[in-house]
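Next up is one chain by itself, shown in structure tokens, the form predicted alone.
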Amino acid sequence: MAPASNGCTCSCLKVFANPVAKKMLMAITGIGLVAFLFVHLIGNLSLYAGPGGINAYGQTLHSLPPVVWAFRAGLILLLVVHIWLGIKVTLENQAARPTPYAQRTYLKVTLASRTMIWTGAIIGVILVYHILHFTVQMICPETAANTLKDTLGRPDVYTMVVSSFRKIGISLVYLVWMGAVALHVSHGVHSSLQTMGLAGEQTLPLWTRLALCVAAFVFIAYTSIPATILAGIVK
């Protein structure tokens, strides 16, 4: 009798070999990552409550390491699966059409859909930068929250964020990042809903507009932080 693990492995391989299953899994992981964007945004926007707001948020996270690490593990899993499937599907699509078109014509194909692999690459590269910056705190170590404390002895996340985004170069990196995220989300959301069978021919235009609204909201909400800091509104 074969071990149960072998059966499980075979089932997983069949899932990853099935084009429909791959697209479905890519859609589900993509929606999960968009959900994370909104959860993460709640914490980020606590910056507007002043040092007390975001420093309290940071202190809360520091006091719940098992929860934070479980959340990070789930996020890493979503990212790895989504990135791997994205690369695999792109390569398979290219292999299925080995001869380039003499003249490209795009019918009902948006810039966002044509550049998904590239916006995904930009998101991935700057994500590493973001982790080194605000999580590991290797970038701008002189203002790292782990070394600076506020008046209550908490990690001074507020000073770290404000000091960082006062530098035009750093703010531009994040603006480019969020631009890539917005493009990726604008196509990814409505494509995922269509893959999961939630967007039919009649409702597709509605879901397309909804995806654009979600992408615009994510871009405006996230970029408002470096923008207001650069403008001197948040000090």
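Numbers follow the displayed sequence, beginning with 1. From a predicted model like this one, the values you see are computed outputs, not experimental measurements.
There is another form of the same protein, the form predicted together with a small molecule; it is not shown, and what comes next is about it.
Visitor: Would you check, heavy atoms only and a 4.5 Å threshold, whether L183 touches the small molecule in the predicted bound form?
Guide: Answer no; every heavy atom of L183 is more than 4.5 Å from the small molecule in the predicted bound form.
Visitor: Hey, in the predicted bound form, is P155 touching the small molecule, heavy atoms inside 4.5 Å?
Guide: P155 lies outside the contact set for the small molecule.
Visitor: Should S191 be classed as touching the small molecule in the predicted bound form when contacts are defined as heavy atoms within 4.5 Å?
Guide: Result yes; S191 sits at the interface with the small molecule in the predicted bound form.
Visitor: Given that the partner is absent here, does L47 sit within 4.5 Å of the small molecule in the predicted bound form, heavy atoms only?
Guide: L47: no, not in contact with the small molecule in the predicted bound form.
Visitor: Name the stretch, out of 30-38, 63-71, 202-210, 165-173, where some heavy atom lies within 4.5 Å of the small molecule in the predicted bound form.
Guide: Contact-bearing stretch, as computed: 30-38.
Visitor: Of these, I131, L148, V89, I139, which has a heavy atom no more than 4.5 Å from the small molecule in the predicted bound form?
Guide: Contact with the small molecule in the predicted bound form is made by V89 alone.
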